[in-house]
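Here you get one chain, nothing else, as structure tokens; it is the form predicted alone.
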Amino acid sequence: MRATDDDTPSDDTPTRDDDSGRDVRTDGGLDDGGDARTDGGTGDETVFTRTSDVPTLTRREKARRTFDRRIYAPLAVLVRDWRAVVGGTILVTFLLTGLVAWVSASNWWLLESVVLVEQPSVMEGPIFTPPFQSMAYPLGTGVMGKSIFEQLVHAAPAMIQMILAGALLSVTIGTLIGTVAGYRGGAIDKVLMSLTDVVLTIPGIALIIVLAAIWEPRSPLIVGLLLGIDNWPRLARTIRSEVLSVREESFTEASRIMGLSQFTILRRDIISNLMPYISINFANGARTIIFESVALYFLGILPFTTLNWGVMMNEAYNGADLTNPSQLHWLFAPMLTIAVVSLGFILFAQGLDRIFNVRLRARHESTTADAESQ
């Protein structure tokens, strides 16, 4: 291989003789007739020399790869996991039930005449009808002759609003504070963790009862936000501990050396590796919101402004004879619904854990399989 003009030594460049008698530059370059540099490289190579031909992807190929990684591979992992299928089916059914209730009760002019499930009304049927005795009242009726099935359907929108508001608030605040405190450290860590400890020491249920007594929240969204205040400190503490270990990993250090911004590092290297833990905590947070809201409504602490499972249990507890087995279905129906929806959150969270497994996702990416087969 011939040397380039830049490698040609000047007249005053020091040289020495090698074993074969050729002149070799002591600065690592080539002499006029040399073949190699003393550092093992060749004369026309630099640190920016391309050593392999990497094909440039077209816009269509990029779109296909993005679809494959973001949508196809996660769905392929989900459908192969029975826990994700069962949990997802339960949650989708729950959301569709809320949608049916919303459409049936909507006053929007396009949906005003659409009634998929009638709203429960007093004395629409005989009192204490047992379940599975009539198609008009598949789950039976209560003391006022209201259909329990219709009550469960129309209680779904309020429960969905409380769950989403409370779980999203607690996960968002806990993840944000825990991530920033663990990654930045120093004074920011001390301030954020001191704030977390202060909130953690406050009795959550007592705080919610006081706030509910002062403001009397009537919207399910406000109730969910109040319940979410109590749930974020524990998540922030555990997220911070995870970040302290992830920030010392080699890939995080490589991102810092490459000069990536802190936002990019937190999003791509820190939070993406904590997503299994965050998703599981979202499911646990949703279950906590369900239990706390139902308990507060059941005890009569929160005002009965909307129909929900806690209100149903309160009415069943006060209106039914609990020693009479023929009336217990009124109380068991919302209790069984709570248990099934909670199970759906747990199973779906375990399925999400597999989605964020990098090896499993890579195994189900069709573009990766195509590349390996070539």
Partner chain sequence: MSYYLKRIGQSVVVFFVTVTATFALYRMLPFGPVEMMRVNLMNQLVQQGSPTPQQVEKINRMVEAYTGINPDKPWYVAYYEYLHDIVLYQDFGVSIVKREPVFDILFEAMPWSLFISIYGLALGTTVSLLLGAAMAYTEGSRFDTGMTIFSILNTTIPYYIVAIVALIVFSFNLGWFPSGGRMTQGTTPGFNYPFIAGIVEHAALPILSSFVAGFGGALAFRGNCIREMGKGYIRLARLRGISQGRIAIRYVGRNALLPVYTSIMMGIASLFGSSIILETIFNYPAMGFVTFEALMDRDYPLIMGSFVFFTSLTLLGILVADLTYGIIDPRVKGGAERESY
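Numbering follows the first chain given and starts at 1. Bear in mind that the values here come from a model prediction, so they are computed numbers and not experimental data. Only the largest set of C-alpha atoms that superpose within 1.5 Å between the two forms is called the rigid core.
The same protein also exists as the form predicted together with its partner chain; that form is not shown, yet it is the one meant from here on.
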Practice item. State yes only if every one of S241, M335 and I338 has a non-hydrogen atom within 4.5 Å of its partner chain in the predicted complex; otherwise state no. Key: yes
Practice item. Select from the listed residues V85, I229, L200, L75 the one whose heavy atoms reach within 4.5 Å of its partner chain in the predicted complex. Key: L200
**Study point:** The single option of T56, N318, T323, T66 touching its partner chain in the predicted complex, heavy atom within 4.5 Å
**Key:** T323
**Study point:** Interface segment, criterion being heavy atoms within 4.5 Å of its partner chain in the predicted complex, picked from 253-261, 270-278, 90-98, 289-297
**Key:** 289-297
Practice item. Decide whether V79 counts as a contact residue for its partner chain in the predicted complex under a heavy atom distance cut-off of 4.5 Å. Key: no
Check your understanding: Does its partner chain come within 4.5 Å of any heavy atom of T305 in the predicted complex?
Key -> no
Check your understanding: Does E216 make contact with its partner chain in the predicted complex, using a 4.5 Å heavy atom cut-off?
Key -> yes
Practice item. Would you please decide whether R234 lies within 4.5 angstroms of its partner chain in the predicted complex, comparing each non-hydrogen atom pair? Key: yes
Exercise for review: Align both forms on the core first, then report whether A349 has a C-alpha shift of 2 Å or more between the shown form and the other one.
Suggested key: yes
